[in-house]
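Presented as structure tokens, the chain that follows is alone, the form predicted alone.
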Amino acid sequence: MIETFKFLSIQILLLAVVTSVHTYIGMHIIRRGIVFSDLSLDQLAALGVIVGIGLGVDGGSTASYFVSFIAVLVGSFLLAFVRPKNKQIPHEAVIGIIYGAALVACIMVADKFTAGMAYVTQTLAGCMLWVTWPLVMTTVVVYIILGIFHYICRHRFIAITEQKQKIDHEPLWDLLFFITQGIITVLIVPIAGVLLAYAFLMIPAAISLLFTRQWGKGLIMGWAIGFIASMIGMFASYYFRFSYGPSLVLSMGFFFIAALLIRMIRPQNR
């Protein structure tokens, strides 16, 4: 019973914090139409982990997180400053190319050392079952700091997203946005994996944007739904012995489908 309580409490806290910040960042990403930017940064973070392991760095160590951050920092610069001048090539094309290159690089690097492909699989599926209190508390503190930063600078980031007005030094603020996105990526990918990290960012935000364009209301709605869906997935995984990460992704996916159906029906009811 005590072990069960410890497991559930650490997971509940982690899910509550992760879904809050990810929902807000996800709202920006979806409204800006760069929905694969997080996936590319997630994959770059995974590439950093794989490269670190290939260099003899233990996964989950401080050095591993540092190598991963360097990878997403490079990706943040590319996302912020590499914009095709040809209007026929959208920014999303650049983002997709970065993701594809990072994924291929992961496979190529992992192929050079023993059990490398097993590490690639782990970066995709994650290992949230084995998180520790020190790691969770570090994540909580960093997420709180990032949340405060985004709250203080919210007018600039929202202005860039809504494109209602030009702001001074816009490329620099764009870079800061991607760097903060990269920081949460570095923290969450080693434990949640690329696919679940992407689901945390996209699905709750997408659900909220189906019903409201207001930032505050959308954040509360997305966080609440994302947290409830994650909890259902967590308990399903724990009691029915399903895989942890896929259970959370599927649970959030079911909530998204339900939201789509509700959104389709609502205009008819009016």
Partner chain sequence: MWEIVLFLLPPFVICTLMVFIFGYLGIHVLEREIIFIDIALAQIAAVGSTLAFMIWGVEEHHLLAYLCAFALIILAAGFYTFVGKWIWQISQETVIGVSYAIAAAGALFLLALHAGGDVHAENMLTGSILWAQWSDILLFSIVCSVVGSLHFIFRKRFQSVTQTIHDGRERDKMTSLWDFIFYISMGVVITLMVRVAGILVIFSLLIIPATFAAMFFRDWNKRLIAAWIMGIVASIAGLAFSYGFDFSCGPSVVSFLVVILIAAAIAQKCKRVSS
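Numbering follows the first chain given and starts at 1. These numbers come from a predicted model, not from an experiment.
Absent from the display: the form predicted together with the partner chain. The rest refers to it.
Undergrad: Is every one of I12, V142 and M231 within 4.5 Å of the partner chain in the model of the complex, counting heavy atoms?
TA: Judged in the model of the complex, none of I12, V142 and M231 sits within 4.5 Å of the partner chain.
Undergrad: Out of 191 to 199, 154 to 162, 133 to 141, 168 to 176, where are the residues with a heavy atom within 4.5 Å of the partner chain in the model of the complex?
TA: The contacting stretch is 191 to 199.
Undergrad: From the list V74, A80, L103, L146, which entry has a heavy atom within 4.5 Å of the partner chain in the model of the complex?
TA: Looking at V74, A80, L103, L146 one by one, just L103 meets the 4.5 Å heavy-atom criterion.
Undergrad: Consider F242 of the chain shown here, and say whether it contacts the partner chain in the model of the complex, taking contact as heavy atoms within 4.5 Å.
TA: F242: contacts the partner chain in the model of the complex.
Undergrad: Even though the partner isn't displayed, in the model of the complex is S247 close enough to the partner chain, meaning a heavy atom within 4.5 Å?
TA: S247: yes, in contact with the partner chain in the model of the complex.
Undergrad: Against the partner chain in the model of the complex, would K6 count as a contact residue? Criterion: heavy atoms within 4.5 Å.
TA: Because no heavy atom of K6 falls inside 4.5 Å of the partner chain in the model of the complex, the answer is no.
Undergrad: Is the gap between T114 and the partner chain in the model of the complex 4.5 Å or less for some heavy atom pair?
TA: Answer no; every heavy atom of T114 is more than 4.5 Å from the partner chain in the model of the complex.
Undergrad: At a 4.5 angstroms cut-off on non-hydrogen atoms, which residues of 77 to 99 are near the partner chain in the model of the complex? List them in order.
TA: Going through 77 to 99 in order - heavy atoms within 4.5 Å of the partner chain in the model of the complex - the hits are K85, N86, Q88, I89, P90, E92, A93, G96, I97, Y99.
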